[in-house]
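Next up: a single chain in structure tokens, the form predicted on its own.
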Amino acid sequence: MKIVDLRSDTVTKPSPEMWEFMKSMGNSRLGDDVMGEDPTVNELEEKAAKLIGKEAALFVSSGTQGNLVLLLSQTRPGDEILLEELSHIYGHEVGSAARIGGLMIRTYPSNKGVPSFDYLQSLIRDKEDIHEPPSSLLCTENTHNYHGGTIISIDVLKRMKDFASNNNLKFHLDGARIFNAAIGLNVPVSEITKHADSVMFCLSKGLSCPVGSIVAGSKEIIIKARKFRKMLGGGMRQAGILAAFGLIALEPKWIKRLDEDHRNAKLLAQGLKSFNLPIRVHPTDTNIVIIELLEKVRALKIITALNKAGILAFNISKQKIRFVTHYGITEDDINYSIEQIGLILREKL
């Protein structure tokens, strides 16, 4: 049976070019990263910082670890941080901001990731009130996973940065798929990241590396982040073996390859829209397609049937199903998936 894995872009495998580069490395390309002596990790961090326009960068084991070390580096226990209500940090990072960081969390609603600035203003605590935790950090996510890979525009990011500055907050960007946003907007990624004090992006999603993420910001922030990474068990020693994949992933041609994923996602969305069925296909900006079931049929029931047919996807709520295109998924895979999804939906709806 043919299997098309559309659960996430985390299931990607490295490209042949990545494997060849990693295999060609000798011991001279390795060192103890905790001591700052792994030349491949150092090269990756320098390349990443330059690419996204920040003073410094740090290689971390995952996006979840990356977000956490940046939160810890810009807050103190007891501070309150502002998170979008469907953000990954809030809903899918195991409560680490609260459990490990001792942070109060306040959520804000949004229109596909775009907040109401009047509402945000109403959430800011009075720093002179001895009863209230101080507001210290505003966070956003770009692209926004649970809003269907939506791109937050550069103008909105600038307004969020201005808002943060006016309220004496730091501004953190969870950019797990930030290169998808850059390709979708057809701008250098630094045009997006320049408005944030700190940025995290994943190497292990659309960029197809087996492990790792990058955090970036000022030298002061990254010095703190390096210490928190160690505290969280993220000192990976001879990590150049992993960093080698990232050096290839950050090459322009590999970043540009994400456009293929976007085309496949739009092809999938168009195919799903063609069904005369009670579903709503959410707008598709990048590599994520979400369908909403408009009848009282649980998404899990559809997912179970799709899995049996070889189409792997995630139910992200009781009524919503997410499909993610990525490296290794071809146009033929998409056309096959449209056919199989249509058969299942007609049977179950």
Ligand SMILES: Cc1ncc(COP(=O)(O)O)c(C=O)c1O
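Keep in mind that this is a model prediction, so the values were computed, not measured. Quick note: we count residues from 1 along the sequence shown, nothing fancier.
Heads up, the form predicted in complex with the ligand isn't pictured, but that's what we're talking about next.
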Heavy atom of T284 within 4.5 Å of the ligand in the predicted complex: no
In the predicted complex, L207 touching the ligand (heavy atom, 4.5 Å): no
Heavy atom of D197 within 4.5 Å of the ligand in the predicted complex: no
Non-hydrogen atom contact E141 with the ligand in the predicted complex at 4.5 angstroms: yes
Contact at G148, D261 and V289 by the ligand in the predicted complex, all three, heavy atom at most 4.5 Å: no
Segment assignment from 55-63, 305-313, 39-47, 289-297: heavy atom within 4.5 Å of the ligand in the predicted complex: 55-63
In the predicted complex: members of 174-202 within 4.5 Å of the ligand, any heavy atom: D174, A176, R177, M200, C202
